[in-house]
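Starting off, we have a lone chain in the form predicted on its own, written out as structure tokens.
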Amino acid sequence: MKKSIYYFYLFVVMHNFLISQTLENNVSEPKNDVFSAVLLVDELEIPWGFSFLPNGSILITEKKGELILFKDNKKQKIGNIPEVYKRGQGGLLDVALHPNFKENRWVYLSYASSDGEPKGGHTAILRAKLKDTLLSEKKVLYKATPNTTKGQHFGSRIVFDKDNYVYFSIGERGARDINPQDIKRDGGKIYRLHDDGRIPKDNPFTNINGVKTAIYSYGHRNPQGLLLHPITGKIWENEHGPRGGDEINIIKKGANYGWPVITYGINYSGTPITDKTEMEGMEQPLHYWTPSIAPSGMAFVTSNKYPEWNGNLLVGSLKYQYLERLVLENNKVTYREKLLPNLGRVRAVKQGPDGYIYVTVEGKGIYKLIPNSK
């Protein structure tokens, strides 16, 4: 028995090594003459998320617990933000605007909160109105339970679909064998709410006693990218694997994405997590990275500013400190390219209302990618 486990372990290690070498060799080096990265907002520590306001200003979350308004080339702190539980990967995370923000002024925040029991914290989603430089009418729409003092895997991104449902992600908080596969527990899930926090009646698990009825999909590890596809209207997600096995998924109602029962990753120690990469009733990723790149925010390119990138997906890499461009054909990745190599830990990326790509880099700020003239 011990010998069979040893051989299986050896096979997994060699398999992952060979895949990692192949995938790493398939990442093309950047073409340096395509664009210039211009620093637009400087002196930011960990700008976790950002959103563009209709007047062209930018709302930026600092993980340490600050919400910043960048307007007229100046930074102002927004007051009356929620109290943030700062531990490990937890802090003030994403920010999103209601699709009708211009009329209703609703802002949505995801953050680590210590509200509730026991000691520690968990991910919360808050809605508030932005009035000048203050938040008002604050309401917590969702608070995951129970709290834990673990510092990993809070998630969390926020996105609206075309029907104004709000989706958000919460990581499995380091409890991989408990949370992600149990729909009666928070963590390792994508959630869906009405914009005011009500549970949609057609959520997939509303007719089962004792479940978390806000859940839309489950079996996730630590989703830090969430995005609306500009054509299909489907929700795309990326999540951190362990050592290998970062994933891109298209989110389906009620679907199980497998963590940790199936995965293309292994433990950080190099030992196997499972001998399964697929199983009936569990979704396969659209794409997975081995080795892990530690994916962060992502954005589809639809702008005529970058005609050669139209339809491409951009994903930030925290581990290798670059922006990755992925070419997709029939929902398969056919080409990968490194952009902004060694610039720093790319935390978030968005296409702005002006059509330009904006990227947040830890320890630096927000860069605007301006195509070079040919």
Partner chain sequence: MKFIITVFLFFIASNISFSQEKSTLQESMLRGEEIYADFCVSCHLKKGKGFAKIYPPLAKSDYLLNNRTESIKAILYGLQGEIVVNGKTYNNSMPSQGLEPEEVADVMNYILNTWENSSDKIVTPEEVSLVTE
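Numbering follows the first chain given and starts at 1. Keep in mind that this is a model prediction, so the values were computed, not measured.
Absent from the display: the form predicted together with the partner chain. The rest refers to it.
With the partner omitted here, the residue from Lys253, Lys119, Arg198, Lys102 that has a non-hydrogen atom within 4.5 angstroms of the partner chain in the predicted complex is Lys119.
This chain lacks the partner; the member of Gly88, Pro204, Pro272, Pro146 within 4.5 angstroms of the partner chain in the predicted complex by a non-hydrogen atom is Gly88.
In the predicted complex, at least one heavy atom of Gly363 sits within 4.5 Å of the partner chain. Of the heavy atoms in Val34, none are within 4.5 Å of the partner chain in the predicted complex. Under a 4.5 angstroms non-hydrogen atom cutoff, the partner chain in the predicted complex has Arg345 among its neighbouring residues.
Contact check for Leu318: a heavy atom falls within 4.5 Å of the partner chain in the predicted complex. Listed stretches are 102-110, 229-237, 129-137, 262-270; the contact stretch with the partner chain in the predicted complex is 262-270, by a heavy atom cutoff of 4.5 Å. Taking a 4.5 Å heavy atom cutoff to the partner chain in the predicted complex, the contacting residues in 142-166 are Thr149, Lys150, Gly151, Gln152.
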